[in-house]
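So this first bit is one chain, no partners, the form predicted on its own, shown in structure tokens.
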Amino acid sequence: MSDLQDLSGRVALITGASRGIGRAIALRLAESGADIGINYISDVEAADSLQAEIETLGRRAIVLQADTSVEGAVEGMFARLEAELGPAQILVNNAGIDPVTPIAEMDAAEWKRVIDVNLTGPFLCTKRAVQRMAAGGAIINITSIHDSTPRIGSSHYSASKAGVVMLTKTAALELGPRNIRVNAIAPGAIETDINRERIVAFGAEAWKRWIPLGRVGQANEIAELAAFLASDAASYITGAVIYADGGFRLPLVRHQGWPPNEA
């Protein structure tokens, strides 16, 4: 299995890689041997720090500033990646935004921005990547449990992530004959910089009630799954959406745990 998960000689591009899940995935793929394109939009210090950390692992890494919802920026990002590292054999569409605004208070600009970043971005990056992606490539889209489970204030976010699911499945159909696999990971509550404040506000006891495994997840747990899907160990998996949520979606009502053992 370790040989199948070796990514040596492959180039991976991870969007939104400067922090959180994207950062964890970039590090994990580098640990498996891949050279890494680190896309970011604003936090250059975090991107530079990640590049340095990857290079200490003996892998090549470059920092690529680009708004992935803009076609020209995507083209420039891929052109530089290919010039410095080579064509991507692995693409992780991770960049996303998650504002919380009720429909009655949301303006059209916010709706459009969320759809542009969360759905148009993965489309543009996928379209550009497959132009040079060799057979055996892997595309991994990061969606969310809210692709199928609504949340108050997240109509735009949920709609965008549901769209990513169908983008994943359609791309898997179209690219399967080229042996390019396309899968999605749908995280649940994961502790990252972007949502740590929300998670802490609810309190640990609430998450124990809501999540059958009794805790929120960590970014490295999503990264391990991404490394598997990127590798030859997942060579017969395509069009899949894998929910990594500790069972968060499962209870119809809030999970209260098992009755006490009275035996």
Ligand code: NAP
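Owing to the predicted nature of the structure, the values given are computational and were not obtained by experimental measurement. Residue numbers here begin at 1 and follow the sequence given.
Another form exists, predicted in complex with the ligand; not displayed. Remarks below refer to it.
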- prompt: At the 4.5 Å heavy atom threshold, is V114 in contact with the ligand in the predicted complex?
  reply: no
message: Is E82 near the ligand? Define near as a heavy atom within 4.5 Å, in the predicted complex.
response: no
query: Would I142 count as touching the ligand in the predicted complex under a 4.5 Å heavy atom rule?
result: yes
message: Considering non-hydrogen atoms and a 4.5 Å limit, does the ligand approach G188 in the predicted complex?
response: yes
- line: Among 175-183, 83-91, 96-104, 127-135, the stretch whose residues bring a heavy atom within 4.5 Å of the ligand in the predicted complex is 96-104
- line: in the predicted complex, the residue from L213, A233, I194, L57 with a non-hydrogen atom within 4.5 Å of the ligand is I194
task: Using heavy atoms and a 4.5 Å cut-off, decide whether R10, E53 and A227 all contact the ligand in the predicted complex.
output: no
Contact set, 42-60 vs the ligand in the predicted complex - heavy atom within 4.5 angstroms: S42, D43
